[in-house]
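Next comes just one chain, in structure tokens: the form predicted alone.
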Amino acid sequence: MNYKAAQVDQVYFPQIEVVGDIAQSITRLGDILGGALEFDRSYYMRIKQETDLHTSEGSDDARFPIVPQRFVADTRKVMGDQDIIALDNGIYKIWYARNYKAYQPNTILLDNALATMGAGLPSAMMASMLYPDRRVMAICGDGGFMMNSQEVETAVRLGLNLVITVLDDSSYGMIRWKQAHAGFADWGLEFNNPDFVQHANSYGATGHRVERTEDLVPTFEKAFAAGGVHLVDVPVDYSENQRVLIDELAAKTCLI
């Protein structure tokens, strides 16, 4: 149900669509069905509360390198309702989709259909150009960032205010997760990274490296307060992928 019809393709092909405002559509359907849509709102509120509680687990986890639940929660702390995050493509995209609440339209930007690596930084640059008074953060994996890292020079040259978060696990995390889910051996997906702080500084940006979990929020705040282009190198621990995104889902659904 939406305000416009779906773009039907090989992946997304709804059999039945209701085009229109969801509240008005449900009310009209209820009238047609003679009250058969009456339901206990408290039941759905309990589901929401349980879902919120479940997805907030780990948001205060102090482990270092930082686990996904914590870096998503800390990102939400420093971004206002109108501020914009632009996601590159990697396993963190699933964690942000799961745990990061959006309060206004177009405040989470991601290339979901083609899942193009390298898209996060240029998307954030355009957002910063269009909305110079908002906080804008590019969130990239190390693999995706290195596919377009030269655009840091462009961002500096254009005088943008932008924070680039590089989630650093020295590997292609999304493919590692998919291979683990498919039962394949973990092979050929790790690599060595440059010194991201020096890399940023070489373009005229300001580089930061987070060395304790509790330093992430202060580092973000410092970068936004200073203005200009900042890169924050964040070492991450994706060991939670197996428990939450594979084992837990498999236990709760027959689709995996």
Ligand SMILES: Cc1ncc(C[n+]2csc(CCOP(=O)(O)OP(=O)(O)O)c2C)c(N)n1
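For every residue, the number given is its place in the sequence shown, counted from 1. Please read all numbers here as calculations on a predicted model, not as lab measurements.
In what follows, reference is made to the form predicted together with the ligand, a form of this protein that is not presented.
Only one of Ile94, Ile175, Val156, Met129 lies close to the ligand in the model of the complex, with a heavy atom inside 4.5 Å, and it is Ile175. Between the ligand and the residues Leu160, Met79, Ala73, Met147, the one pair within 4.5 Å by heavy atoms in the model of the complex involves Met147. If you check the ligand in the model of the complex, you find no heavy atom from any of Leu109, Thr165 and Phe224 within 4.5 Å.
At the 4.5 Å threshold, heavy atoms of Met117 reach the ligand in the model of the complex. In the model of the complex, the ligand lies farther than 4.5 Å from every heavy atom of Ser123.
Residue contact with the ligand in the model of the complex: Glu151 places no heavy atom within 4.5 Å of it. Although the partner is absent here, Asn99 is not a contact residue: none of its heavy atoms lies within 4.5 angstroms of the ligand in the model of the complex. With the partner omitted here, the stretch from 129-137, 179-187, 166-174, 100-108 that lies within 4.5 Å of the ligand by heavy atoms in the model of the complex is 166-174. Contacts to the ligand in the model of the complex (heavy atom within 4.5 Å) from stretch 124-151: Gly141, Asp142, Gly143, Gly144, Met147.
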